[in-house]
Structures are given as C-alpha cells and as structure tokens.
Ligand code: NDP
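The data below hold one chain only, encoded as structure tokens and taken in the form predicted alone.
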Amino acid sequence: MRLDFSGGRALVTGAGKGIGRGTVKALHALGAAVIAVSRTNTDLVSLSEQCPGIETVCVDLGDWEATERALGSVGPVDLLVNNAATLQMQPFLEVTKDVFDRTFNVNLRSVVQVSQIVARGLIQRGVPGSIVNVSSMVAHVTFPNLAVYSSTKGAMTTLTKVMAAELGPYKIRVNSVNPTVVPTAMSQKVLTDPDFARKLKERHPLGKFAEMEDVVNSILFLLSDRSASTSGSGILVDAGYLAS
C-alpha cells in the first residue's frame, strides 16, 4: 500500500522524540510539508537537520496562552497528529495536584486546543482533513502507578469519538492509535523493574512489545485516504495484549 502525502501540510505535536519524531520523518519522506512542535529546541534543531525543509515550533503545550500565540496563526493544516504527552508515575494515594494538572494539560487539554485551531482552519477553507490522537492501551487496562496518565488516555478515547461525531459533517476524520509499550524514553519509565517487564512481555500473545515503526505505520494509515471511511475508531497496536 503506497502512501503519498505530497501537497498536504501536517502538524505533529511531541515531535522531538519517540513516536512523534518517527512520524515527522515518515511524513517528510512521503512528501508532506511538516510542522514539528516540541518544547525542546535542541530536539527540533537535530530533527531539522534530518528532515530539511520542515517547519519547527518550540512551545510548551501545557501552557494555553503560549500555545495560542505559537499556533494560532499557523496557517493551513490538512493533517494533525496529537502526540505530545507527559508521564509521571505516582501511586493513586500519592497523586499530587501539580502532577494531575500538568498531565491533563499536556495530554488532553492540548489535544482540544490544537485540534480546535486545525479544525477551524479546515472548516474555513472547506476542505477535508484527518486527525490522529496518539493514545495508549492503558486507556483500556490498568498498570501500577499510572492512575493519572491512564485517565488522560481513557478520556482521550471518548474525546476522539466526540470529535469524530461533531467534525464528521465537515469531512474531518478523527481516530486514535493505542500502542502497548514502545522502546521510547517515556515507555522505559514503566519498565524499571526487570521482573515486571519480563512478565508484561510474556503476557503479550505475540511475545513482544510494539516497535515504533508499527505505531507510525498505523498513524500514517489513519491520516491517509486509505482509511477514508474510518472515523471515531482506535487501532490497537498492542501485540494482542487486550486479547490475553
């Protein structure tokens, strides 16, 4: 299945590392004009060297006003990947206000804000678009010490459906990808206990975690016209975990 995003303009949040960075590189290679958003400028500099011609925006998406200033006049965007996220592990009884607020602001509120900016532009231009929210399988299952992070991803599941329902009449599709553990710096926070990591991997029917390329390919599929009748859905990239 050959994909071609030539002529399209894509915005990717959390573009500095991990899945976001991989998505930017893939979209760039497939002809899209890409806007890479990250709060870490050094990551954007190195990404620009790897993907000449991309646009970069350095902003903390947890800051509503700064995000509005940075992206409010970003111009036409056809494709959006809401990937930015933060993960801070705390047992439920030790959850703090700061961690709760920060996690929801970055993981969920920014999805609303950035999607509003992009969707309003699409509607004003009268053109179709596609939005992909990067979620997690912990939207559906529990892991220890991830009460707040999991809650943001659970809320994202419903938000994705609401967005799909309300934006569908404007020919804007909204979907999510829900991966299992991926070899990124963020995911490794969950695997500090070798025994837990081993047991977790063994529970996956395929006997492995997901590769970043697996997640990126699912994002590309949902962004593309190859998924033209798919909206309000989520692709589990979980090596069968939820079936176990």
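Computed from a predicted structure; not experimentally measured. The first residue of the sequence shown is number 1, and the count goes up from there.
Below: the form predicted together with the ligand, not depicted.
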query: Proximity to the ligand in the predicted complex (heavy atom, within 4.5 Å), stretch among 199 to 207, 185 to 193, 46 to 54, 25 to 33; finding: 185 to 193
query: V77, G129 and G234 each touching the ligand in the predicted complex (heavy atom, 4.5 Å); finding: no
query: The ligand contact in the predicted complex: T160, any heavy atom under 4.5 Å; finding: no
query: The ligand contact at R102 in the predicted complex, heavy atom, 4.5 Å; finding: yes
query: Heavy atom of D214 within 4.5 Å of the ligand in the predicted complex; finding: no
query: Contact of V106 with the ligand in the predicted complex (heavy atom, 4.5 Å); finding: yes
query: Residues from 118 to 134 in contact with the ligand (non-hydrogen atom within 4.5 Å) in the predicted complex; finding: V134
